[in-house]
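What follows is one chain in structure tokens, specifically the form predicted on its own.
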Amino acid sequence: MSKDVYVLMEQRDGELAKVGVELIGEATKLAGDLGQQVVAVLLGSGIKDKAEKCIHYGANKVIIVDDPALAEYLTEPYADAVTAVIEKYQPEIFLFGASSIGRDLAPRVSARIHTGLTADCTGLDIDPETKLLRMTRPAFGGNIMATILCKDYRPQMATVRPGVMQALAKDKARTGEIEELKVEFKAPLVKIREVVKNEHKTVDITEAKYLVSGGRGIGSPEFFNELQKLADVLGGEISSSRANVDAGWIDKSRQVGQTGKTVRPDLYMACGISGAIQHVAGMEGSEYIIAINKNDTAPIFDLADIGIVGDVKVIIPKLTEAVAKAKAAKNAE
């Protein structure tokens, strides 16, 4: 009989990815509705010391597959490991992050075990009557939200966008069970010859504490340079609405919204962004929101903590100067 909510804890170079911690938080709610437990699945080589951290963030149990074959991510050995976990423990639900790893691994696993997979979810909950997992994701270009059920096969599987779910507070007093599983790996068809790391990689916007986001109202791609100056002064990153990405003004990795990324920064500055529901869905969880728009009836003002009615091209340079002066004065104290 299937039971418990399982979460794949992604790790890179031995460090747990944030999305796995977020998913443990969400899994705790789902498991509570089902009267079941949360199980973290930790794969890698030399990563046993990270098991306690999974428990501190809310897992009741951790299953470790620690093997040299898992030192670097490869689809086949990772799929072997996850498949072995599912076949032995029979989870009710299995969650993956909708990251480069999760988006590659989850479809392969679902095909192997013959179950469904709902990709890129932005919402999860348990149906109170059927106890099925309701998996909600954008559809038709983000114009509607579709809720999908997997009635007949187990586990119910989903990938979930980073930044969507809320992580639990770390509690070092939490205790749980740790179990190691040995897996027989097939000889991989692909071998990694060399790993070349990009030393100039920018910070992922889902990790940024401060985001300065530009919408159609900034008028031109060049104005992102002004937004970058403000972001630099704040110690943050720039992001964008979909309109500018579609226009080719900025890379899609910077897009916030239903068809982009979901963010939860301490400060989100919406510059020339009207506040369409598709964009709001990606940033409404921000701690503090400042909106700048010429249209005083723009929907974004209904969400903002502070609203500034005016031209972003005039306001942003002045704001950048003011913040820089304030920081300089504070450092001089």
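Think of the rigid core as the biggest set of C-alphas that the two forms share within 1.5 Å after superposition. What you are looking at is a predicted structure, and each value in this text was computed from that prediction instead of being measured. Residue numbers here begin at 1 and follow the sequence given.
Keep in mind the form predicted together with a small molecule is missing from the figure; the text below concerns it.
*Asks:* Just to confirm, Ser286 within 4.5 Å of the small molecule in the model of the complex by heavy atoms?
*Replies:* Answer no; every heavy atom of Ser286 is more than 4.5 Å from the small molecule in the model of the complex.
*Asks:* Tell me, yes or no, whether Ala79 is in contact with the small molecule in the model of the complex, where a contact means a heavy atom of each within 4.5 Å.
*Replies:* Because no heavy atom of Ala79 falls inside 4.5 Å of the small molecule in the model of the complex, the answer is no.
*Asks:* Does Pro265 reach the small molecule in the model of the complex if we count a contact as any heavy atom within 4.5 Å?
*Replies:* Because no heavy atom of Pro265 falls inside 4.5 Å of the small molecule in the model of the complex, the answer is no.
*Asks:* Determine whether any heavy atom of Gly275 comes within 4.5 Å of a heavy atom of the small molecule in the model of the complex, and answer yes or no.
*Replies:* Yes, Gly275 is a contact residue.
*Asks:* Go through Leu43, Ile292, Ala27, Ala40 and name the one with a heavy atom inside 4.5 Å of the small molecule in the model of the complex.
*Replies:* Only one option qualifies, and that one is Ile292.
*Asks:* Which one, Thr118, Ser99, Gln255, Thr122, lies within 4.5 Å of the small molecule in the model of the complex by heavy atoms?
*Replies:* Only one option qualifies, and that one is Gln255.
*Asks:* Among 234-242, 152-160, 84-92, 170-178, which stretch sits within 4.5 Å of the small molecule in the model of the complex, heavy atoms only?
*Replies:* It is 234-242 that comes within 4.5 Å of the partner.
*Asks:* Core-aligned, is the CA shift for Gly310 between this form and the one not shown 2 angstroms or more?
*Replies:* It does, since the Gly310 C-alpha is displaced 2 Å or more between this form and the one not shown after the core fit.
*Asks:* Aligned on the rigid core, do the two forms place the Cα of Leu34 2 Å or more apart, comparing between this form and the one not shown?
*Replies:* Moves: no, less than 2 Å.
*Asks:* Answer yes if the Cα of Thr259 shifts by 2 angstroms or more between this form and the one not shown on a rigid-core superposition, and no otherwise.
*Replies:* Yes, shifts by 2 Å or more.
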